[in-house]
Structure formats: C-alpha cells, structure tokens
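Quick heads-up: it's one chain on its own, the form predicted alone, in structure tokens.
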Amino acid sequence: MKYVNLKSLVASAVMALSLSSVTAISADAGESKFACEPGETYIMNVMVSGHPYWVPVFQGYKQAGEAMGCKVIFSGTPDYDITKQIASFEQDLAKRPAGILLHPMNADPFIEPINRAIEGGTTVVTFAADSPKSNRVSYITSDNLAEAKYAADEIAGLMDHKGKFAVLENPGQSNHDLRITAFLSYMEKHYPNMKLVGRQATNQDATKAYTSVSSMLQAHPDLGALWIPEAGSAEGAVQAVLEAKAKVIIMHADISPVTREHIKAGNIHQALSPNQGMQGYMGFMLTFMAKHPDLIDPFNDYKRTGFNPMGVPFVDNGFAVVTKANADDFDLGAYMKNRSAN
C-alpha cells in the first residue's frame, strides 16, 4: 500500500501557493477580473424607499460598485405595499441587470419573482430581510437573535429582573419577526419574573405606535419597558411616553435622525443599529461574486450539484449599540457630507 506523506503534501501545496502568488503579483493590475464589463449594472431594490435606513446601505453598495467600475442604481417603491414592490422589481428586471440586492418586504410573495430573475440570468442576494425558500444566492443582515438577546438582557438588568414590558411588531418582515419572537422566547426562559403585558402590530407606522403605546400606558401605568424592532414605530412610541410623563425604558433596532435625537436627550435608552454601510458594501460584493462564480474554484462538489459556488447562506454584517455617548457618530447628515467630500 502506498502511503501519502502529509508533510510533503502540505509543503507541495505551500510551494504551489507561493508560485501562484508570484504569478498574481507579476500580472498587470489593470487586468483584474474583479471588475465590471462596460455597462454592467447592479440594482438595490427596497420598499419604503424614502426611509433613512437605506441611505448608508446604498452608500456602501455604491462605494463597492464604483470601485470596481460597475453601474449601480437605487430602486424600489415609496410605499409599504408588497404588490408595488414586486412591480418595481419586475421593472428592474426589464433593465436586464447583472444582479439585484433585494430587501423583500415579505418572504413568500417574492419566491417566484426571485427564482424567475435567477433563471433569466440576474443574480439575487437578499439583505436585512430574507426570502429563504427562494433560490436567492446569499443573505446578509445583522444577527437578529443576538440583537434580541442583547435587548432582553439590557432591559431585564435595568429593571432588576422583574416588572412589566411590552413589544411593538411588524408581522411578515422576517428580520423584524425574529427580533420579536427571539426576544419574547429569551425573556420567558431567562427572566420569569418579567411579564409581557402588551404586543401590538404597528407596522413601522409612528401614528399607530403612538396610539398603541398610549393605550398600553392607560391599561398599565406601571409599564417598565418597550422593545421595538425598528425606528419608525419607536418615533411614535417615545412621543406617547413623553406625553404621559411615564418612565419607560425604550429600546429599538435600527436608527433614524429622530430617534438619534431622542437618544441624545435621554428619552430613548439605546438603539441597536445594523452596520448599514458594511451591509451595502458586502451586499454588493456578494451579488457581484454570485454573478461571476467562475472567479471562484471552491473545494466542494458544486460542479456535480450545479450549485452556485458563491452560495454563502448567511453573512453577519454586525450591529452597533447607539447610546447618548456615541450618538453623534450616527449623524446621517454628517456622514453624507463626508461621503460627498470623498
């Protein structure tokens, strides 16, 4: 029987790697394959397109795309309407883009459009919200389970592990659903003396959040905390708490100019903000690589299965905790001024 000398095998691999590195270094940098062909276009599609959340995400997307000579477009619908977002996605496909970075408002209605896009040659990567049953190649977001755990531990700690709390929610959007269900599950398991007294769907609507929280405070004047999966509802919630002159710990995910000011004023305790710029930057890179899988030679069975070798199921872009101490670092106006200067 012939035995393989592992030490020799590793040495040979290292030598091959060294030789390939020399070849790469000697190549003309202008011939890099990590660049777009003339006119190669990538689109980022969202719902509620006027929301400030998308601004840093698209800036990251744009930064990566332009660095590689690609054309990038921001798209979507100004409405919170799944039918209108799908229609905008269809319009994007008519432009025959190389790839789309998509934030699907709801998961299942996007299964067929995503699969059809991929069959037609447009790669699709989802971000911040997912359509997991579709054939999208990858999904990039912050770790919603980690966000929920952090919020639960923080709230429970501030309340000495006892008291009443409530949540607002946005049913149907995958990341928001997970932020709420994971939070409630963690609270129930680890803090049995914390009592859930309110759970209202406000669907990112500040007016609905204001009305819901006002009603909660009338029913439970001793309400101790609120966990909210996004910034729009937090804007209405904090208004209701201030008008009632109540002492309620408010924590929410995402960040907006309005909630940032409330954090600075001490009206909102903390926000958990996904690293939006990285979400967009890495989102572009995932979409580009999904379109150009020939640039990858992975050590797996992708040729046999027909699987896109760029099929990374999940990328965590991380999240930051926004407090009174660091809120100035999340000034969207200052960020955009700096981006313009660059």
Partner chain sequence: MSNAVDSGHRLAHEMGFISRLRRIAAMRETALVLIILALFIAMSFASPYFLTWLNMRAMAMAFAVEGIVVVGMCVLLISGGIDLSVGSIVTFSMVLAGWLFLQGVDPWTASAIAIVACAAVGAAMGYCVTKIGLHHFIVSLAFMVIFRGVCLLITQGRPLGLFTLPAEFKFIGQGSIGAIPVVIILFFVIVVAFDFLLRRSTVFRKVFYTGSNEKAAAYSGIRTKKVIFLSTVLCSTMCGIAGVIYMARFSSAPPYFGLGMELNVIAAVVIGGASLQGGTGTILGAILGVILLSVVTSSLALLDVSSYWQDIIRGSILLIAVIFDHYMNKKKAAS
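Positions refer to the first chain, counted from 1. These numbers come from a predicted model, not from an experiment.
Here the subject shifts to the form predicted together with the partner chain, a form of this protein not shown in this document.
Colleague: Contact between G69 and the partner chain in the predicted bound form at 4.5 Å, heavy atoms?
Modeller: No, G69 sits far enough from the partner chain in the predicted bound form that none of its heavy atoms falls within 4.5 Å.
Colleague: Counting only non-hydrogen atoms and a 4.5 angstroms cut-off, does E169 reach the partner chain in the predicted bound form?
Modeller: The answer is yes: E169 has a heavy atom within 4.5 Å of the partner chain.
Colleague: So, G163 and the partner chain: in the predicted bound form, are they within 4.5 Å at any heavy atom pair?
Modeller: Answer no; every heavy atom of G163 is more than 4.5 Å from the partner chain in the predicted bound form.
Colleague: Is K84 close to the partner chain in the predicted bound form, meaning a heavy atom pair under 4.5 Å apart or at it?
Modeller: Heavy-atom contact with the partner chain at 4.5 Å: present for K84.
Colleague: Is the partner chain close enough to Q91, D177 and R199 in the predicted bound form that each of the three has a heavy atom within 4.5 Å of it?
Modeller: Yes, each of Q91, D177 and R199 comes within 4.5 Å of the partner chain in the predicted bound form.
Colleague: Which one, 247-255, 152-160, 185-193, 69-77, holds residues whose non-hydrogen atoms are within 4.5 Å of the partner chain in the predicted bound form?
Modeller: Looking at the other structure, the answer is 69-77.
Colleague: State the residue from N203, Q239, S214, Q270 whose non-hydrogen atoms include one within 4.5 Å of the partner chain in the predicted bound form.
Modeller: Filtering the options by heavy-atom distance leaves N203.
Colleague: Among S49, N308, N275, Q59, which has any heavy atom within 4.5 Å of the partner chain in the predicted bound form?
Modeller: For this set of options, the contacting one is S49.
Colleague: Heavy atom within 4.5 Å of the partner chain in the predicted bound form: which residues of 101-129 meet that condition, in order?
Modeller: Read in sequence order, the residues that approach the partner chain (within 4.5 Å, in the predicted bound form) are N106, D108, P109, I111, E112, R116.
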